[in-house]
Every structure is written in structure tokens, then in C-alpha cells.
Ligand code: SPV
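Next up is one chain by itself, shown in C-alpha cells, the form predicted alone.
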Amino acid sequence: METHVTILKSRLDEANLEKLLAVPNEHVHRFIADAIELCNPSSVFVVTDDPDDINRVRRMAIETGEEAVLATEGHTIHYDGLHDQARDKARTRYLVPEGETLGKNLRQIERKKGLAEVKGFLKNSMNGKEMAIRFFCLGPINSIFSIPCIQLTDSYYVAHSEDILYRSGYEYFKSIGNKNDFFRFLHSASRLDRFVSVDIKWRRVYIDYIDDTVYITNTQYAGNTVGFKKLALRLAIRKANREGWLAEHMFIMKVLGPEGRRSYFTGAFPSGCGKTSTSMVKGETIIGDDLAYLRHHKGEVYAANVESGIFGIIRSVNSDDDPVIWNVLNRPGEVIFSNVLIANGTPYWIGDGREVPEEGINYSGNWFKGKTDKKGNEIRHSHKNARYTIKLSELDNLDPKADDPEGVPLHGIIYGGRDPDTWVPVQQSFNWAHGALTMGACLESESTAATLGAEGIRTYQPFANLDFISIPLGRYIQNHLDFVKGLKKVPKIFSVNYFLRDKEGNYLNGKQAKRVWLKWMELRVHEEVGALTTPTGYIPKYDDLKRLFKSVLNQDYKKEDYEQQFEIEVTELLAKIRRIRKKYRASVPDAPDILYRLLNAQKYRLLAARAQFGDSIRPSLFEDED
């Protein structure tokens, strides 16, 4: 410890040293001292929970040029350049000790080799720059959900984003004593050109789960660099595996039932598939849009939001479809826009419902209509994965229990993805195991712009979490099956599909229909409406949806629309089972046997239904649930 304190005394000024040593934790001191020696910053700034420290972070983001001030008070813009616009899955790897493996699904590199490589990139990477030391807490502070975290970064855009997205944790760290149970993140944007990381080919995101440490270099895009998002999720999944809880890629929201009844739901959707818009629908309240911890409490499942802000996809956010977010983005307040077009100090993005200016500044530099890249491809005015960063407290529909240390009791879990032709718009599983496996573990979705690579490719996305599962997938699935053992009350499981299309490619549901599906699910968890039994789950009755469409949306819901939307397509569903079975057989050798048993049972129910009714089965042919 003396050696590390000696390093800190030699590299920090008196004020920052005093702030750091007020945290009585030798493990914290060692991590920071080692990082200073490695990255060699010219100065170090320790950020406490004091508003003056946090305000300095925002000022520095502007003074360094990483953000620029916009016309509306509190709004800033950040750009990631042409080539640093999404999570880099190929260069995100786990550091695995020699002789160990995490299975075929996870990208990994031998630990000693990976540490040598990434530390080589980090060596002297902060020379000429300042290191910011950030303390945060994942989950509500002083609760069963709390996980303390530290991030060291030379990017004040990253540090500013974290202030918006997470609960300050400096004082919390002072209260935990000398515990070594915290997550660590070390990030350097490294060499910059016009405030953008330029050595993208050396971009690395390496996860050392032995020390709960993540090393990040040569990138600024928040999905790669804000360690408390999906990188912390990977560490949390391993921690949850050890301790018997679940860390999930889920929103948390409250759906109001009859006479003001409060029912809480989580939902897992791959990025760009409607997760945030679902959690923000009109008439309901939000607790979080992205990450959730689930734990046992009082014999039930309770959930808490990991974050206190939103790093959301801005594409298609407009006043009609997303009024709550739209209002926040267009009034004074702290907002970071990233990779959108700026014209005369005003941001513009794809699908905002406004006329696109002739020219402005975007992630490619000076932009004009018709601009192309070196390959002749059009550069759109705003990137498809452009983002906004806001505090949850700015939302008019924030739930009063958003920061409750106890969390909220969970009534239902929803799984959804981009599925053009298979799942019906909404259905309920027969039981927990059926839902966790045939809906969660068998989730498929078309890829989007949120990750690097081709779009529109259907891939399997178990639990909408495949990119972040940091333990063997079979173990992760078994953890879900085991999670509800011994509980007095188990949440219901549902699936939704907002992207069902007809043979001409037209979407079969409007964007606001999700509000009706939520109300139906709320009634189902309280057993106040019936359902029809299909081979794949329980679906709504037409009369119930007709009433809900009228009361929720003031729309007349046609019987022919219901019959088309809830038609069971046997061929597509059987093909899905074959795809999933093949994928699991090939790449998940430890998948629980019950997965195959439930898939086989579903297959035989589908075959029996086809023998009786044909290949495309209208919902009116199915009987009421038992």
C-alpha cells in the first residue's frame, strides 16, 4: 500500500490527493496508482459528489472540444467521426486464464497475452491529457442492488455522460471500507484528430473478469467507453451467477391497471427494437429503459434500474410517437446529442418529422445534401445510431419509485425483437419455464445499426442479451430456470412483436398498438381477462382487444385485422424451432435438456394443429384456455 500511496503523492496535487485518500480503500488506491503509472497523464482530477466538481467535468468537455454548445441552454453536441459509431463486438474480448474457456459463443483471448496487448496500447496514452477519476454506484445507493464502480478516463465527454447516466458514488465508496468488491474501468481515447479517436484499428475493449476490470482504448463511442453500461453488465452477470440473482438487458416500467392499480414489468429487446419506446409509452411511468437487476425480496422478484439516465437511439424520435422524449430534447436542460446534424445550433436527426437543412455539421465534418464518402456512398445528415443522453429526472413520466432502495415488485417479463413473419404481436407463456426457454432463450431478431456489421440479418438473441452474457450460455439459461425456485409469487412471461409484416412488407401494427398490448398483459397478470390457447402460448381474445383499442387509443379494431395479426403460421414457427435447435446443438453443449423437451413439445403441438386446421391458422379456431 505504501508504494501506491507514494505514487499518488507524487502525481496528484494536494487538493486531489486529499479527496482520494479520504476514500479509505487500499484496493482503490492500488488500481488508480497502477493506472497513473501506465497511462502517464499530465494531471489527475478526482471527482467527488460535490456539484462544483461535477460542473467542472461539463466545462472541461466543452473546453477540450469534445462537446460543443448548442442554441438551447444546456444542450451540447459530440461527434464520434465516421468509423467509431457502434459497439465493436469483434474487438470486445474476455481475458481468460490459460486452460479455461467461456464457450464458443464468447470472444476471448488468453489473459496474459490480452493484458500485455491492451496495456501496450494504454502505455503513455494520457500523456499531455488529464485523467478524471469517477466514482459511481450501479443500482440505488445503500440497497441490496448496489454495486460500487470506478472509471478512469481521459475523455471528459465520457465523464460527462456518466454524470448524466449514473448515481454519484464518491460518498458511497467512503462508506464501504476496504472492500475489494467493486468494478473497475480504465479508458483512454488515445490519439485524437479533431477530438475523435483516430487509431480505430487498434480499438480494444478487454474484460478481465478475474479482477473485475475492463480496459478500453482507441475509441470514444459511449457504447464502448462508458464502462457502466454493457461492460458492467458483463461483470454483473458473472457476479449474479455467483450470488444467485439476475443481471439483465431490460427496461422497467409501471403499467396502470383499473382503478389506478400499479403493475411493474421488465422487458428485454435487442437494441433498436422498441425497448426505450415501450418503456416510455403515454399513460404509463418509467423506472429505466435499458438495464435491470432482479433479486428475491419478500418471497417475490424485485427489480431495480442500474442507471439514472438514458443513452437512447434518437432515430425516429418525433413529437407524435415519442412526446415525452421529444419534449426533453427540445427544452432547456442537460442533453448531450451525438452524431446528429447541427444547423444554426439546432440538432436534426433521421425521422424527426422536420425538413432536413441543406447543410450543416455532422459526424463527417461539414455536411451538405448529396455528400458521399470515399466509396461513393451517401452520408446521411444524421447517423442511424445517433444518440441522446439525458437524466431520467428530466422525464415527466418518471415513476416515483425509480430510486427506491427496495426496488419494485415484478409482475411480468416481456421479450421482443425484430421478427417479420413468425411471432404474433403479443402472447403469454404457459408457465415460467416455457416462457424463459421458448420466448427468452429462443428470441430471434434482425440486426440493427446499434452494432457494427450488416443490418437486417436474422440472428438468435437469447434473452436479448447474447452480446453481453459472460458465462457459458447453458449456465445462464439454467440460472433463469433456477431463479424462481422457492418463491411465493412468480412473474408471468410474455412475448411481443412490433415488426410483423404482410407478404408485401407492410407492418401489420401501428406504433401505438404497444400501448394496448401492455394493458392486456397487465390484465393477464391479475387474471382479469381470458385467452385462447395456441401451440405457442396464450393469445388475446378479439373482444378484449376491441375494447382496449377503443379505451386506450380511441380506435375501432377490426376483426379482420385481428385475424391477420394473430394468425399462427405453422411453417415459420416450425422453421424457427429447427433453427434454434440447430444453433444450440452446435454451439451450446451445456444447454439444459428441458430446452429440447419444450421445443419438441411445441413442435408436436404445431404439427397437431396443422393436421386439424391447416398451415395458417386464424385465432378464432382456437379454444379458450383451460
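Everything numeric in this text was worked out from a predicted model, so none of it was measured. Don't overthink the numbering: it's just position in the shown sequence, from 1.
Another form exists, predicted in complex with the ligand; not displayed. Remarks below refer to it.
Next item on the list: With the ligand left out here, work out from 126 to 134, 430 to 438, 221 to 229, 178 to 186 which stretch has heavy atoms within 4.5 Å of it in the predicted complex.
Entry: After filtering at 4.5 Å, what remains is 221 to 229.
Check: Looking in the predicted complex, any heavy atom of Y542 within 4.5 Å of the ligand?
Finding: No.
Notebook entry, point to check: So in the predicted complex, does H160 come within 4.5 Å of the ligand, heavy atom to heavy atom?
Noted result: The answer is no: H160 has no heavy atom within 4.5 Å of the ligand.
Next item on the list: Would you check, heavy atoms only and a 4.5 Å threshold, whether D154 touches the ligand in the predicted complex?
Entry: No, D154 stays farther than 4.5 Å from the ligand in the predicted complex.
Item checked: Close approach of D80 to the ligand in the predicted complex, 4.5 Å, heavy atom -> Outside the cut-off, so no.
Next item on the list: State the residue from H249, R418, H381, H480 whose non-hydrogen atoms include one within 4.5 Å of the ligand in the predicted complex.
Entry: Filtering the options by heavy-atom distance leaves H249.
Checklist line | Of T389, N497, S308, S271, the one that lies within 4.5 Å of the ligand in the predicted complex (heavy atoms) | finding: Only one listed residue qualifies here, and that residue is S271.
Notebook entry, point to check: Though the partner is not shown here, which residues of 278 to 305 have a heavy atom within 4.5 Å of the ligand in the predicted complex?
Noted result: Stretch hits: a single one, D290.
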